[in-house]
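The chain below stands alone, shown as structure tokens; this is the form predicted on its own.
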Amino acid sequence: MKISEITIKNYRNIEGTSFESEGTTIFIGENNSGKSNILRALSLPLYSEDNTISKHLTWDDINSKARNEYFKYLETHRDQIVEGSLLLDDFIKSIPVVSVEIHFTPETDELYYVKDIAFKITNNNIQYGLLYRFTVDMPSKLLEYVKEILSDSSVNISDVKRNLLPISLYTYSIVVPEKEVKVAYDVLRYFKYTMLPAERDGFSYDNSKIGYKSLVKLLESRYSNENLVHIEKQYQTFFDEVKKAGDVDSVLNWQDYSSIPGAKDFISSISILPNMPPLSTILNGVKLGYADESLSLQGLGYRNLILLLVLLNSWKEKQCDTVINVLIMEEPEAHLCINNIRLMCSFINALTKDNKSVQLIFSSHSTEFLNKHALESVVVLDAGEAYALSTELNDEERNYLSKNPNTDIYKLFLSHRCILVEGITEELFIKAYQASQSTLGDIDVLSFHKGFTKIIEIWQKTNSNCHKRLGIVRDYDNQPAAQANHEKYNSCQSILVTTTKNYTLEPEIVKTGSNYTLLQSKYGTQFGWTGLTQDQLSDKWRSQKAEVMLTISHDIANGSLVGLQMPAHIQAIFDFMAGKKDDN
């Protein structure tokens, strides 16, 4: 069984988003884009034995925009509220509600477990799901409370917001979507999650941390009844040695000095017996280590790697009593070097492979966890909005990205300022100029050979954030139709496509400003350019392309080629990246 669709409304910075899931799901996005919030939201409709995330939310968990819309409603309808003329049904529509709805796709042999969460039939397919809602339990009570507060004309709504939306009146429920039927515990327990949060750095310093709890559970699971009998026998032997070494029986020997009749017989019957603790207590004395040293002495990366291995192994032991167990992980690569990231990737893949009851959902900033051959598993987060590549892109578009050897998905989708070029010479030239300018360091330059229109359309689908900018630098190649087909995207304020006036980049550089004179003077002898015309120099440069561009780019970057001017189409891109765009 797998989660097939997720819809989240009004949870933290997520105003409202809905996307499909295809088994393993990877969330990528900038910091503060909503990755952690989506992972936490996913856990709300599901069951957990560890209760790692409270299902009763706080005031700050309610989306701020939804709260502000509610307060705006109160301001607009204040007179009606105070007069008592506002209809309760209208008031209820203004109250912020947090909801998380997840749909499931079961296998044929799992239909028994989902029969109680079926809610509708679409295209001859039965839909199954769980709906978590956090809402005001008694709206009439809230309305009366709000009326009482606002009846005082001196009260400013902005000063009493928490009182006008008291979290104490909220309650949560998990129901079947559209049916409003509460899901019983005996049903919910089949739909579990395990959360491995990012805040795990200090676990090795404290035995109460989750790492040790999971280690104890993992160790306990390995003991059979025969093992437990053996442990009890060995504990008795251990205790006998303790008694013998300390001569503890002689501690209670004052009966030898008592004149009370029968005291000797009574006191001598008192004994020291073993008080064997539960196995979990014994195992709490176990300490994780590495190479015979305490784990606390290891580096942060090793501590996190070992913690994850412990948690994942512990989680694996608990799979037998569920039809789906969602493993939710935040940034499994945190603090790991590249070799250990690859080790973690391999371990996770082996853990989830061919297990139909396991679904892995995680966030990551590492390309090692991003399989270009499975882009349908990627969900791009941007300002609380989720874009699943399984639905945003069709098969042709995903295949295009997978086959392009230079595609860096993270830079393409997440970079604030990104320039796409046709080949290595353009990339070298632009990066060299970028390195010589202190204000251009945050621009990513990616090399593509062809197909910019497809990339632009993909970028548009997954970037709603208007402050991001995408620049395209093209060669004319005597193809006016292709130029027009690309430059039509300049109607978008966040995209600029520029094309050389000449056939390719080299003559464009040579014929810009005084570059021809400068290039002949500096490189005439070295490259055999002395006495050549502009066109002859451009042609010879193209025949020597790699060697010449590498030398010139190096000199631009280190500041030894002073006075070289950027061609107009490249300068326009850098101006655009700085916030300028010529609408003409």
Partner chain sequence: MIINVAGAGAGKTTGLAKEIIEKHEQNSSNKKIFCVAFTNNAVKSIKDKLLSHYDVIPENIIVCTIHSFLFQEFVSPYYYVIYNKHYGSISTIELPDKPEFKNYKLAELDRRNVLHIEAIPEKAKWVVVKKSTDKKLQKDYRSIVLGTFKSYCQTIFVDEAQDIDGHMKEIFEKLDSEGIEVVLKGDPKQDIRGYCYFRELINARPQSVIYDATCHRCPAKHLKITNSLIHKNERQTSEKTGGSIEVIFESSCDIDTLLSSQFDLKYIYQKNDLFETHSNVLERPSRFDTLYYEIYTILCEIEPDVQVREIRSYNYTKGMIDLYNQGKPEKQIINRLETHTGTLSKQQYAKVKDALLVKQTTTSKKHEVSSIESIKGLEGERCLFILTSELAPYLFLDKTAENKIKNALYVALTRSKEKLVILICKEVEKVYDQSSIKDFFTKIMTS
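All of these numbers come straight from a predicted model, not from anything done at the bench. Positions refer to the first chain, counted from 1.
Unshown form predicted together with the partner chain; subsequent notes refer to it.
Student: Hey, of 107-115, 327-335, 418-426, 499-507, which bit sits against the partner chain in the predicted bound form at 4.5 Å between non-hydrogen atoms?
Tutor: In the other structure, the partner sits against 107-115.
Student: Can you work out whether the partner chain is within 4.5 angstroms of a heavy atom in all three of N124, K141 and K179 in the predicted bound form?
Tutor: Yes, the whole trio is in contact, each within 4.5 Å by some heavy atom.
Student: Could you tell me which one of Y128, F448, F191, F369 places a heavy atom within 4.5 Å of the partner chain in the predicted bound form?
Tutor: Answer to the contact question: Y128.
Student: So which of L88, A484, A291, L273 reaches within 4.5 angstroms of the partner chain in the predicted bound form, heavy atom to heavy atom?
Tutor: Contact with the partner chain in the predicted bound form is made by L88 alone.
Student: Using heavy atoms and a 4.5 Å limit, would one call F239 a contact residue for the partner chain in the predicted bound form?
Tutor: No, F239 is distant from the partner.
Student: Evaluate E83 for contact with the partner chain in the predicted bound form, applying a 4.5 angstroms cut-off between non-hydrogen atoms, and reply yes or no.
Tutor: Output for E83 is no: heavy atoms all beyond 4.5 Å of the partner chain.
Student: In the predicted bound form, does Y235 have a heavy atom within 4.5 Å of the partner chain?
Tutor: Output for Y235 is no: heavy atoms all beyond 4.5 Å of the partner chain.
Student: Can you work out whether D137 and the partner chain are in contact in the predicted bound form, taking contact to mean some heavy atom pair no more than 4.5 Å apart?
Tutor: The answer is yes: D137 has a heavy atom within 4.5 Å of the partner chain.
Student: Do any residues of 490-517 have a non-hydrogen atom within 4.5 angstroms of the partner chain in the predicted bound form? If so, which ones, in sequence order?
Tutor: Read in sequence order, no residue approaches the partner chain (within 4.5 Å, in the predicted bound form).
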